[in-house]
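Quick heads-up: it's one chain on its own, the form predicted on its own, in structure tokens.
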Amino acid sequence: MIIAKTKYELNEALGQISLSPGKLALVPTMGNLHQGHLSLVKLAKLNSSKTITTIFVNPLQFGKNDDFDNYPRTIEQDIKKLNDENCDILFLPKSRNEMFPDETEIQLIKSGSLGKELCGKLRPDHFDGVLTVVHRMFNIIKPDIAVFGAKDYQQQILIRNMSKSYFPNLNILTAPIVRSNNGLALSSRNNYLSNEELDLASNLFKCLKKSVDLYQLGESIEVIIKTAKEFLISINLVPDYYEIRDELLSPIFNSDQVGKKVILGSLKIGNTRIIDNIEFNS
């Protein structure tokens, strides 16, 4: 695996692998890689002949009360895992300047009204920061394919929308959520939780599954959400939001609407925010 730490080294690496035929797939990450991230690399390799992973803890998507300085950084372990997956290139910018050489000329990508809902209500400007750095990566790497995880459902919808506008020929793939044995979606922020808190957090997914069952039985959306919130509160988990939406994240007002849907939930355990979702058809 080629490790590029500067824009110059990245261009050299991309030029080297461009000599071989086939599509290039990009897997953007912030590191601290777990099996969820590696599933993205696996999906990328299934759909391309050349794979590049990026590890960049993007300061633009962290608010003033977020955990940028404490975000887990495990570079040596990450490199070994990517080597084991036979990733072709790792872009590991040595500084913020390698991504944004002239901060006065950063092309800020706005996430619009959808970026202010759900997680966007809790983290103002977060999705603007995500879209800005992803847009920058797409511009400098020019992949044929980009792979994102379904756990960050709102994020991947916003990236798809941005990509349609700026990179219409780019194929965006979404990999399924990878879960631990108790159902908790894998996340780098799970490292902040104790074993007891990890068990407690798994109740969010149990709640999502129960909500799908109630929806399929014809229960009203109002009752489904009320039941879910009451259950979570009963075990000292206060949801930041818990909503049922269609696959493009437009609100759903009655359970008669057919088609693909998603239930999304968010809550905090201590200072750690847990997000999850479940997709289903009705």
Ligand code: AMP
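Since the model is a prediction, treat every value here as computed from it, not as a measurement. When you see a residue number, it is the position in the sequence shown, counting from 1.
Only in words, not in the display: the form predicted together with adenosine monophosphate, which the text now covers.
Novice: Using the partner position in the predicted complex, report whether Ile233 sits within 4.5 Å of adenosine monophosphate, counting heavy atoms only.
Specialist: Answer no; every heavy atom of Ile233 is more than 4.5 Å from adenosine monophosphate in the predicted complex.
Novice: With a cut-off of 4.5 Å between heavy atoms, is Leu214 one of the residues that contacts adenosine monophosphate in the predicted complex?
Specialist: No, Leu214 stays farther than 4.5 Å from adenosine monophosphate in the predicted complex.
Novice: Report whether the minimum heavy atom distance between Met30 and adenosine monophosphate in the predicted complex is within 4.5 Å.
Specialist: Heavy-atom contact with adenosine monophosphate at 4.5 Å: present for Met30.
Novice: Residue-level contact is defined here as any heavy atom of the residue lying within 4.5 Å of adenosine monophosphate in the predicted complex; does Pro176 satisfy this criterion?
Specialist: Within the cut-off, so yes.
Novice: Within 4.5 Å of adenosine monophosphate in the predicted complex - does that hold for a heavy atom of every one of Gly36, Tyr71 and Lys151?
Specialist: So, yes: the whole triplet contacts adenosine monophosphate.
Novice: Of these, 75-83, 112-120, 200-208, 152-160, which stretch puts a heavy atom within 4.5 angstroms of adenosine monophosphate in the predicted complex?
Specialist: Stretch 152-160 is the one.
Novice: Ok, Ile140, Leu170, Leu186, Ile106: which has a heavy atom sitting within 4.5 Å of adenosine monophosphate in the predicted complex?
Specialist: Checking each option against adenosine monophosphate in the predicted complex, the one that comes within 4.5 Å is Leu186.
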